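Single chain ahead, written as structure tokens, the form predicted alone.
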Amino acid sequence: MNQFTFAARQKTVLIGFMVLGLLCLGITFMTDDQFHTRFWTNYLHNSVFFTGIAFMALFIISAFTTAWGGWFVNMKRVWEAFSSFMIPGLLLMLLVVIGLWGHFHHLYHWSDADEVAKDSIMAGKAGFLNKNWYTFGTIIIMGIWIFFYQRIRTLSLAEDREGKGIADGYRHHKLIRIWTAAFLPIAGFSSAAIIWQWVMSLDAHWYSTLFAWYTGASWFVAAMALTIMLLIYLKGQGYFQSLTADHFHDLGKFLFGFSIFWTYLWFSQFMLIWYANVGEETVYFQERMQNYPVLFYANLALNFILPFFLLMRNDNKRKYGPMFMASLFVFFGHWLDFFLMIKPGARHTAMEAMHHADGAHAGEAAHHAVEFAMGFTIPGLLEIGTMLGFLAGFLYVVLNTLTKAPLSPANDPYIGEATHHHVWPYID
């Protein structure tokens, strides 16, 4: 079957989980503190995580196409569908922007002009960390991403319709190659700027030159894990029959290799900052090691130790069971990674704002911020339910997009290479 049908039962299940997510967000909002910190951090966490996966899918297509890759062509429709979520992702982030201007949340310490005036470090960063940069940076950068997605997607569909001959097929492919090559440097620089705004600035006194690489690697591994799980599911439903164990082997190698790369960046960022012992930087890791030890070490266990031992054996990259389980744990692990990036800094800012409103000393706020709290110290059921709702929304957009084009791009010049792809030494 080369045309995906979005079954009514699939829609019902996904809508049910979306309702669960909305219900969890509603309960979180009604049972939250005066600034609704848990609600807004849950919302920001999932919006950034799934929007980042959508962006990374377009980056993956662009990188593989520019590298003259052909093995991935018969699965590229899935990544095109992933990328389509950038449009609702922009709408999700605009709600954070509205909350910033309307003072509906206290996620970012730098959003309080009075606090910035008292703080020489934040005052020095005020040229970048401000509402205007956050707003127009989000709109312009995500607008550029969406523009490139639409151009590449349009050319890909035109290739299916019009690229009947070799010359016509390559003409479209050449244009796709030009657009994807142009997107790569833009994606590299713009994603760094946007992740500094969305996530790194939650800890306004801290910075890391490796942070954009680190979050990008986390997005990449999460996108690859979700790709593997979705392809295994769809193949079980009778779709993507041209995909073989060799294709999953290569996907497994990317999952394994970039899990190691993510760990390398994790250690490099941690080691360099910790060794330098600069208080402005080490405070980030000290906060997480001392007050969030379960999350801190679970992050490494799920995202490095588990995929390392599960996927180090070549045969496991060719088996659906080990691949699905490794992908499931790694996907959740990187969702947890973003939880750990976002929650401590936003919680600390909110606690300071609460104590400032009550006339309490800032030191008391800092002390109070280390106490155990469900939804901050560890994810609670409301966080899991919210994540499932966002995941269902993401998959609904993806599966709906898959219905709009043949799953196998028959007129792509590399479709033959993809169909007959073999991984040495596993040649039949």
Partner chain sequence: MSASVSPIRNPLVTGNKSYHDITEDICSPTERTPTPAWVLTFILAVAGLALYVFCVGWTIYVGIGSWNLNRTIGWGWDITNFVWWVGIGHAGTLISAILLLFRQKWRTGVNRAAEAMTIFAVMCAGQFPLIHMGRLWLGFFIFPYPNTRGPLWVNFNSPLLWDVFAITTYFTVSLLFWYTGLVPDFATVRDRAKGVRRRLYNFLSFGWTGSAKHWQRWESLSLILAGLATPLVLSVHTIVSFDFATSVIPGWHTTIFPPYFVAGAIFSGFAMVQTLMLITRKVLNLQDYITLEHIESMNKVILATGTIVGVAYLTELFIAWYSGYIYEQFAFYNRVLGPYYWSYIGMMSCNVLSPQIFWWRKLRRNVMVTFVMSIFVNIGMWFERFVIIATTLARDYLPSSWSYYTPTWVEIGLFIGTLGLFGTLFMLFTRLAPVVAIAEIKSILKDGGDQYVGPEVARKKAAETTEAH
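All values derive from a computational prediction rather than experimental measurement. Positions refer to the first chain, counted from 1.
Keep in mind the form predicted in complex with its partner chain is missing from the figure; the text below concerns it.
**Student:** Go through 215-223, 101-109, 341-349, 201-209 and give me the stretch that gets within 4.5 Å of its partner chain in the predicted complex, heavy atoms only.
**Tutor:** Single hit among the candidates: 201-209.
**Student:** Taking heavy atoms only, is Tyr414 within 4.5 angstroms of its partner chain in the predicted complex?
**Tutor:** Yes, Tyr414 sits close enough to its partner chain in the predicted complex that at least one of its heavy atoms falls within 4.5 Å.
**Student:** Mark Gly380 yes when one of its heavy atoms lies within 4.5 Å of a heavy atom of its partner chain in the predicted complex, and no otherwise.
**Tutor:** It does not: once its partner chain is placed as it appears in the predicted complex, Gly380 has no heavy atom within 4.5 Å of it.
**Student:** Within a 4.5 Å heavy atom cut-off, is Arg288 in contact with its partner chain in the predicted complex?
**Tutor:** Arg288: no, not in contact with its partner chain in the predicted complex.
**Student:** Applying a 4.5 Å heavy atom distance criterion, does Ala117 contact its partner chain in the predicted complex?
**Tutor:** Taking the distances in the predicted complex, the answer for Ala117 is no, it never comes within 4.5 Å of its partner chain.
**Student:** Report whether all of Gly124, Pro185 and Leu265 sit within 4.5 Å of its partner chain in the predicted complex, measuring from non-hydrogen atoms.
**Tutor:** Yes, all three are in contact.
**Student:** Looking at Phe296, Phe128, Tyr233, Phe324 here, can you tell me which has any non-hydrogen atom within 4.5 angstroms of its partner chain in the predicted complex?
**Tutor:** It is Phe128.
**Student:** Would you mind picking the one in Lys76, His247, Arg153, His173 that has a heavy atom within 4.5 Å of its partner chain in the predicted complex?
**Tutor:** Here the answer is residue option His173.
**Student:** Residue by residue through 131-148, tell me which have a non-hydrogen atom within 4.5 angstroms of its partner chain in the predicted complex.
**Tutor:** Heavy-atom contacts within 4.5 Å come from no residue here.
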